[in-house]
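A single chain, nothing else alongside it, follows as structure tokens in the form predicted on its own.
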């Protein structure tokens, strides 16, 4: 296992008057896979380019195993970057594309020449060693049959494997990947995800992986860093990012379908409750502030009969997704649109404008203040139980 860590320390970057990165702090421990995820324009790719040395920060440092490499050229940082566009030389075969970074590093200018480069014993041994490493990487990625093809003779998935192989043969200190699967079809993306995770584990080095696809981020990474407006809003394990978001922006971005949001103005709601659902018990200091309740679709329980603490809703339509379905509902009390997960059998049994009831466990409701910061209460369940008993 490689013991090299990567730390991005207070990275700032602007283009003209546009602030792209605002004091980014991110640490990837040795062997850790971190996915940078966020909407387009949030600064993910810029941060990756700064880590690679392809761009320079206005302020801040890039530390590789504690050593400041901010001023070093990309070629001197020993990091391997995999691009969205594959970046393969079209006139070279897959074998030559994969061998190129090793040839540039190990061979002299004369030894790289095709006709006279193998005259000496030393150069022949160097060429043989490079080819052996290329063959080994190709075997890992199952592309040995493609080694003598040029990029135009390969599919998108095959070209991406070659690009991964070119990164693998370098034995880099870190992998930097910029949306490497965005050009692949859905089925191939799922298959290639597993290959990238396997590649990361074999290499045992830090991997920073940029994607706008949250499913990729959650399924592949050890940690997910959610970037919004040039800032990392939260960096944590996939489970914590999904179940315990620290900010409303994180809760809103992560999850498909999107989390249900219910906005409440406490100033116009002196009872501090959303219909039968009391708000947080320990927000007395926020009595005149707005609060947002957030509920994941899988936590909305839908029934045809009224149950304790349930609210009446109207069924609008169903999204059939094969193994599951999404039910679109309207709470007419305040015209709030809600989405709930359901089994296909349940969803397909419903009729348009049918009256239903929804409820949600108290511990599954997330609360956020007017600025989007997470609010937590240790007394919410007790208060709800008291109200229900009354």
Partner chain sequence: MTTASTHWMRLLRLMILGLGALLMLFPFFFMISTSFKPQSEVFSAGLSLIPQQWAIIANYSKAMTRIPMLQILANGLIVCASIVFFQILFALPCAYALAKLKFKGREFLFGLVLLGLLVPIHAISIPLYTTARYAGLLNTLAILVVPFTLSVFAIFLFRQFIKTIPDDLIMAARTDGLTELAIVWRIILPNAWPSASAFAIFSVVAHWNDLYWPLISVSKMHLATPPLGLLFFRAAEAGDDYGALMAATVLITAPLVLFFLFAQKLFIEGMTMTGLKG
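Positions refer to the first chain, counted from 1. Everything numeric in this text was worked out from a predicted model, so none of it was measured.
The discussion below concerns the form predicted together with the partner chain, not included here.
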Is the partner chain in the predicted complex near all of 75, 83 and 100, within 4.5 Å of a heavy atom of each?
yes
Please determine, with the chain shown alone, which of 100 to 108, 300 to 308, 247 to 255, 192 to 200 has non-hydrogen atoms within 4.5 Å of the partner chain in the predicted complex.
100 to 108
If you check in the predicted complex, is residue 145 within 4.5 Å of the partner chain, heavy atoms only?
no
Contact flag, residue 159 vs the partner chain in the predicted complex, heavy atom cut 4.5 Å:
yes
Could you confirm whether residue 320 comes within 4.5 Å of the partner chain in the predicted complex, counting heavy atoms only?
no
Using 4.5 Å between non-hydrogen atoms, is residue 49 touching the partner chain in the predicted complex?
yes
Selected contact from 136, 263, 170, 212, since only one has a non-hydrogen atom within 4.5 angstroms of the partner chain in the predicted complex:
170
So the partner chain isn't shown here. In the predicted complex, which residue out of 239, 87, 187, 129 has a non-hydrogen atom within 4.5 Å of it?
87
Output the sequence-ordered list of residues from 138 to 169 with at least one heavy atom within 4.5 Å of the partner chain in the predicted complex.
152, 159, 166
